[in-house]
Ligand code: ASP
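Listed next as structure tokens is one chain, alone, in the form predicted alone.
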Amino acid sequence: MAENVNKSVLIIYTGGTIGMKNTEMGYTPAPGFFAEAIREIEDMARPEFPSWELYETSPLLDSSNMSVREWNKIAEVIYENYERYAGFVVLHGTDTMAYTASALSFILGGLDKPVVLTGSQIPLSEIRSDGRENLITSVLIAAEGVVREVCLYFSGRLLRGNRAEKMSSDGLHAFDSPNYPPLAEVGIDIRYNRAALLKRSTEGLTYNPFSEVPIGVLKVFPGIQFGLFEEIMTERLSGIVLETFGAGNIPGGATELLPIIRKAFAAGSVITVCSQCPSGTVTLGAYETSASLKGAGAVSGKDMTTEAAVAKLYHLFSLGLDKSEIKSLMEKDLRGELSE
């Protein structure tokens, strides 16, 4: 489509609300429907707008159906087309967009071009859709090449992909990055926060797809009976994200949990402690109720989101590393996902 390939952007449509069609069964992704809708955006045909091409994945999915297979496929499309485009825009449903953004940040190493995930809360075909601005601005950011990492753009803010979380199911400001400042804020101009951007990589792009590693997330709640989860924690799961209270606290009487953690680690599992609080960090040992977790062999997720912790566990286990190395690397910053 574009003569100037260096400024061309590849738009990868995976499904999601932005391109859905209203049917008798509700909104659903329909092959070819988004391609028609995007052609009706006159601004995207203007000569000063970056040239772009559209790649539609098959099958198109509601983002609640995304899995490791789809993460690998999206990353593969970017990897195989990397030299042809200045940047990439991934159109995705909002429900699991933060998971996919985190996953892509680990599957694709050494990025030196923008990969911008976006979508909408209202389909592009509807009158009040927020998808038009999200899409246009994402393409501009992808073509400009200031950011060189996986990021997420929504409602005027560009966030680091593996720091983003979905905060609202029906608000247009659906995403936030509680533990990291926005990479850019968009008003009349796109104002980049250059101090927050990842340093430019000179390593060259790598593609390390995820394996189907058994990963689980367990949310602690008052009165939880940890013994009910012992079998899956010690025999079936390689990686476990434990969502605790505050800075990493568990119920004081949770004597069942510590032997389970020790047994799980001995069996090859790595248990990473994240906080249920959107903002703040896990500091194992800061309180008596968290010191026992550290002593049992759990690792601190620090200020990682659960989405990033899950993706990171997939990444490290897929590399074939031993559990001790994985345990060490979970507490180290690899892609800007945590603060050291």
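The numbering used is simple: start at 1 and walk along the sequence shown. Given the structure is predicted, the values throughout are model-derived calculations rather than measurements.
FYI, the form predicted together with the named molecule isn't displayed, but the following is about it.
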Interface check vs the named molecule in the model of the complex: of Asn249, Ser238, Thr137, Thr94, the one with a heavy atom inside 4.5 Å is Thr94
Can you work out which of Thr57, Thr289, Ser63, Ser300 has a heavy atom no more than 4.5 Å from the named molecule in the model of the complex?
Ser63
Would Asn72 count as a contact of the named molecule in the model of the complex, using a 4.5 angstroms cut-off between non-hydrogen atoms?
no
Does at least one non-hydrogen atom of Met20 fall within 4.5 angstroms of the named molecule in the model of the complex?
yes
May I ask you to state whether Ser120 is within 4.5 Å of the named molecule in the model of the complex, using heavy atom distances?
yes
Which of 211 to 219, 73 to 81, 139 to 147, 94 to 102 lies within 4.5 Å of the named molecule in the model of the complex, heavy atoms considered? The stretch 94 to 102
When the named molecule is considered in the model of the complex, the residues of 22 to 51 having a heavy atom within 4.5 Å of it are none
